[in-house]
Structure formats: C-alpha cells, structure tokens
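We begin with a single chain expressed as structure tokens, specifically the form predicted alone.
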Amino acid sequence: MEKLKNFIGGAFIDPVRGNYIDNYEPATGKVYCEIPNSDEEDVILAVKAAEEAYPVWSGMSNEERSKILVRLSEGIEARMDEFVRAESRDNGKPLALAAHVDIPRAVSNFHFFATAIIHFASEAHPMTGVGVNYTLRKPLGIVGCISPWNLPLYLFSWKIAPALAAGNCVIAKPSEVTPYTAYLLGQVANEAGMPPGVLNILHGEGGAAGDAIVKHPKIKAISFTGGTKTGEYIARTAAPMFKKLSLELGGKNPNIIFDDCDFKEMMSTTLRSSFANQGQICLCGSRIFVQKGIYEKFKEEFVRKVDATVVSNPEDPNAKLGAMVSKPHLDKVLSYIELAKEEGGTVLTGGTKVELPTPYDGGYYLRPTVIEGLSFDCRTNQEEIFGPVVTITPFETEEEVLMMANSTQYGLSATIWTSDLQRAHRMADKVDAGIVWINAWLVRDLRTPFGGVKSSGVGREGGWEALRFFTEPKNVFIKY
C-alpha cells in the first residue's frame, strides 16, 4: 500500500516517529493509502528548513518569486488529469466537479498571486514643509497554513499562494482526510524550481500536527479554514503569542427568494447552491426562505428536481452528487436529519443513504434532503450541518425574513433573489454576511475580500487583503 510522505526542505521524508494513519476512499469506504501522522517533532524539522530558506526567498525580487509561482501554476495545469483524479478519489466528489472547479481554481490561485505581487504597492504620506512618510510591506517570516477537506487543493492554494508571493516561508497542513493533492503539490514545487524549505507540507491530525503549528513560537501567523470550535481554540492559543490570525470558519447561509425573482434562473442556481459538492461548501445556502406568493410553486418544483438528482460514484458522468467525505461525517449529517424530525420537521425528499453496487457498496452516499416545517430558531436551522441538507421556510415581509436570516451565530454569505433593485440594495446592506450575492451564487473575483462576520471568522482573504495579511507594514519618515 502506498505511503505518502511529508515534504520538508524540498525532500519527501517519513514522519520522525514513524506513525501513519489510514486514508479512506469515500466512494468505496476502503483504505487506499497511508499518510504520516506528524507531530511537534516534524514541525520542528519543517521550521528549521524554513528558517534556512527564508533569507533566500525573502531576498528575491517580487519578479523572481513571481516566475517560480507561475511555473508552479503551470506545473499543476500540465498534470491536470492526475490532480483531478486524485482530488476526486480523495474527497468523493464527481470527477466533473474536480475538473471544472477544484483544480482549475488552484491553478488560478497560484497564477493570480504570482502576478498580483508584482503590482502590490504601498503608500506615501507627504507632510508639507516637514518630510515624507512611506510604507514598506515586509514578509512576516514563517507562517502556518491549515486547510480543510471540502475543497482540498483549491483552499490549500488559496492560503499558500499569497503567503509565498509575499516572501514568507510556509508550514502547511492539509486535512488528514484529503491529503493527496497536497502531496502532489510538493512534487510540482520542486519541478518549478522553488528553493528547498520555502514550502513545507506536513500531514497528520489537527490535534497533533495542527496544534504544533499553532503553538510553535517561530511561526508568526496562522491562516486557518475549518470549524468554528477549532477556530475558537486557535484564537485562544495564538492570541497570547501575538500571532496574526486569519480564521475562515463556519456558515449557515440564508438563500432569500422573493416572489418577483427570475424563477427559472433562481431554481437552477438554488439546486447548485444547496447541494454542490454534496453540500460540503461553506458557502452553500442551507436555509432557504421563500416568499409566500411562490412558496408552493417553489416547493413542488424544487422537490421534484432534487428527487431526480443522480447520486453515484465519482466516475459516473451522470453523477450530480458523489460520496460524502467520510463515514463519521455521513453519520453526523444523518443524525441532524433525525434531529430535524424530532423538532417537528417533515422530510419532503431524501434523508436516506444510497446503496450502490460493488465496488461502491461500502461508500458514503446520501440522497439530497429537503426538510419543511421547522421553526427558524430550532437547532437544525441554527447549527452548521455541512451536507446535502436544506430547510425551506415561507416568509411574508422583508423585516420577517431579515430577522430569521440574521438569527444565527454565523454570517458568512447570503444569496438574495429579487428583480427590485432598491430591495436588493436594502437587503444586501442589512443582512449579516461578509459576502452577498444578488441573483447569483458563488461568483468569485479573486481580487475581492473573502470572509465572514460573527462566528464565521476573523479577517479577510483574497486580493490585496491576503497580501496585506501576510506582510507587516513599516512606516519610514524622512525629513526634508
């Protein structure tokens, strides 16, 4: 059985203590490789490699670093099919999704920040008759990047690319559930000519490897995407060490549908925003609020289309949904469906496992689920489920739906469907969310800030926001 290795100092090496954990293929439920279960000893090695590399990497011009990162993006693109298959096998998502979203976006992330750093500018503040202030942006040094399992390479690259472009050396940990494309990325980094020790990739569980990254005193910043509870722990741990923090956490996003919407376009997009990637995207609209004038029409058509959605193995070209990422996660989602029933909800469609023929009979498949009849403030409507489960709730007025939409601890994104321009602006201003889409979903411009409010996180990623996070401003004054 294949054993993955850590990528430290430009070399693939075994974990110091020799401990490995199984990596399961969600489509079959079977172990298909082993990965290092790294701990503080491996982090110490990685930090040492990064310290040695930092003077070389930070001393390069932006243009020199840019060329290496462009080559890295081109290296992923040249091995597109290999990366797509690895991502699909590791995560359980359909091949088509990995081919059209995950891996192309990872290519774009590296290319975008490779070129953005060339145009990254600071400010000057002249003081009439006195002198001039100017601002330098200096890399932080060594930074830690910890990414989740739902969009493995996509979100891994989203953090790593700006950190590297800004001149930092990186200690990165992908999710232990989906490690394979991060392993391949180390190969591409070497092929691109990245100096040894600039990018170090450690595999293992969050409680060991992730915790050691967060606690290491020489790692100056932590960029983390994952659950809110883990984010709370990181904040408590890192704050006394005065580390910079970027935390992209949970979501319980409202999809608000007014009766003057473009019904056909709304329906098509709502199917995607509800169940894309098996509902395992932090931006999915899991709470659907529909104005009463079209509620019954919406319910009838939505349930019919959801019921017809094909759930199958990732290589099936007809599959709209693949496997859930792991058995524990599948069990968690199923437990929320049972909770919804206890809270008085009615399952209109879905809610049960899908049985596929051999060799996929052990896979983690779940029918997309639509639930009606729940109060807006019940646990099912307040807690993040992170699966192919949505609730539908009728509303009458803007005030009513805003109250329900803003009732959770989360505030990541929101989607609003209306043809009324003034209403669109009013709602976008008042809804508690870091990202608002009007008559659309998941339209992303890499230049724009990404992140949430309330318990959905701290800080912003993307564009100049990411480059500012991974640099420290230094003011210099010169007297005339």
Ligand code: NAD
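Numbering starts at 1 and runs along the sequence shown. Keep in mind it's a predicted model, so treat the numbers as computed, not measured.
If you look for the form predicted together with the ligand, you will not find it shown, but the lines that follow are about it.
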**Asked** Quick one: of Ile146, Ile257, Ala163, Ile76, which gets a non-hydrogen atom within 4.5 angstroms of the ligand in the predicted bound form?
**Response** Ile146
**Request:** Find the only residue in Asp316, Glu398, Glu384, Glu372 having a heavy atom within 4.5 Å of the ligand in the predicted bound form.
**Result:** Glu384
**Asked** So which stretch, 247-255, 99-107, 375-383, 334-342, is the one near the ligand in the predicted bound form (non-hydrogen atoms, 4.5 Å)?
**Response** 247-255
**Message:** I'd like to check something about Tyr183: if you look in the predicted bound form, is any of its heavy atoms closer than or equal to 4.5 Å to a heavy atom of the ligand?
**Reply:** no
**Message:** Given that the ligand is not shown alongside this chain, does Thr230 nevertheless sit within 4.5 Å of it in the predicted bound form, heavy atom to heavy atom?
**Reply:** yes
**Prompt:** Does the ligand get within 4.5 angstroms of any non-hydrogen atom of Ile35 in the predicted bound form?
**Reply:** no
**Request:** Answer yes if any heavy atom of Leu412 is within 4.5 Å of a heavy atom of the ligand in the predicted bound form; otherwise answer no.
**Result:** yes
**Item:** Residues of 149-178 having any heavy atom within 4.5 Å of the ligand in the predicted bound form, listed in sequence order
**Value:** Trp149, Asn150, Leu155, Lys173, Pro174, Ser175, Glu176
